[in-house]
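As a starting point, one isolated chain is supplied in structure tokens, in the form predicted alone.
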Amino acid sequence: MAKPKVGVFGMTGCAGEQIVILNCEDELMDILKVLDIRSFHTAMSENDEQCDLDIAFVEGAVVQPEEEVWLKKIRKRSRLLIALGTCAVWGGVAAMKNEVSPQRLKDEVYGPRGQIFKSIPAQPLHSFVKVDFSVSGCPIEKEQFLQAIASLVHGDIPVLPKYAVCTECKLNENTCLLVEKSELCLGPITVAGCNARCLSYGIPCCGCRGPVEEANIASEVEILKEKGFTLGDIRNQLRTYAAPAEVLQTYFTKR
């Protein structure tokens, strides 16, 4: 059976997901045995930009008009398009200040040199094209990427956690930083998959994996307000990684 033709692409981001793939190290040869990688600019000097693909892995948020055009071309030539990482899935850090005009941001960050490129409000991939599957994380977890490949090669849709980080935290028998220590922790509304890594080191969850399905934002906000946090504090933390998420936009639009 022919190996699936695969491309790995990056929009605007830190390339963290591509680095995670390269850091698979011991598993890289096994990956190459089951995938025909045709394009991977971070890892290859010769890339096929024309062939049809069975799977396109895309990381990063869409921040420039050219990226929207490129993404749509990738979508057109790919049977499956998979969003890798919080930027691709939710917009990420690049989208946290979307209410500020792109021009103002460019002026403040780059000064006059910012005039050489165009920008648009940062958006996740699904704002422009159909995304068949998403692997969130900042960056993604190596194990989840390998599990996704194994499932896809066997013709199955990957199965990822749909519960909150709180569940992993409790399984690790950690002290609850929200209830017991009154820290601004987003574990109750953040999708699991990291094994509560930060919480296991006593660091509150910052929500870097994006909101869990049907996240109860109102309940989380009320608990945090009872702990003494202002709505501004809470809003800024929630928006850091997933500002374009519909569940967040819906909640804060009402405020």
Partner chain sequence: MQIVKLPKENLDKFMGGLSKFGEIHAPIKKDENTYLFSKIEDLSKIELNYNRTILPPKKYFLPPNETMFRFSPEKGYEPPQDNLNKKYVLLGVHSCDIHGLKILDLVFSGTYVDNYYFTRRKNTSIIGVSCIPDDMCFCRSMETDFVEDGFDLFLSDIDDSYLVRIATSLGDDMVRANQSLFKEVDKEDIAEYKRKSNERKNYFKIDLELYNLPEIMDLEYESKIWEEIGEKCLSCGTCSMVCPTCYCYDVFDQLNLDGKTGERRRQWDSCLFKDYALVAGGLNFRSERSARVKNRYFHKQRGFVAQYGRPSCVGCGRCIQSCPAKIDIVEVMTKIRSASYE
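Keep in mind the model is a prediction, meaning the values are calculated, not measured. Positions refer to the first chain, counted from 1.
A second form of this protein, the form predicted in complex with its partner chain, is not displayed here; the remarks below concern that form.
You can rule out all but one of 109-117, 81-89, 96-104, 176-184: in the predicted bound form, only 176-184 has residues with a heavy atom within 4.5 Å of its partner chain. For the chain shown alone, V34 is a contact residue for its partner chain in the predicted bound form, at least one non-hydrogen atom being within 4.5 angstroms. Although the partner is absent from this view, Y163 contacts its partner chain in the predicted bound form, with a non-hydrogen atom inside 4.5 angstroms.
Residue contact check for I223: one or more of its heavy atoms lie within 4.5 Å of its partner chain in the predicted bound form. Its partner chain is not drawn, but in the predicted bound form it has a heavy atom within 4.5 Å of E214. Although the partner is absent from the chain shown here, none of V58, H126 and P204 has a heavy atom within 4.5 Å of its partner chain in the predicted bound form. Contact with its partner chain in the predicted bound form, defined as a heavy atom within 4.5 Å, holds for exactly one of I149, V131, I74, C138, namely I149. In sequence order, E27, D30, I31 are the residues of 2-33 having a heavy atom within 4.5 Å of its partner chain in the predicted bound form; the partner itself is omitted from this view.
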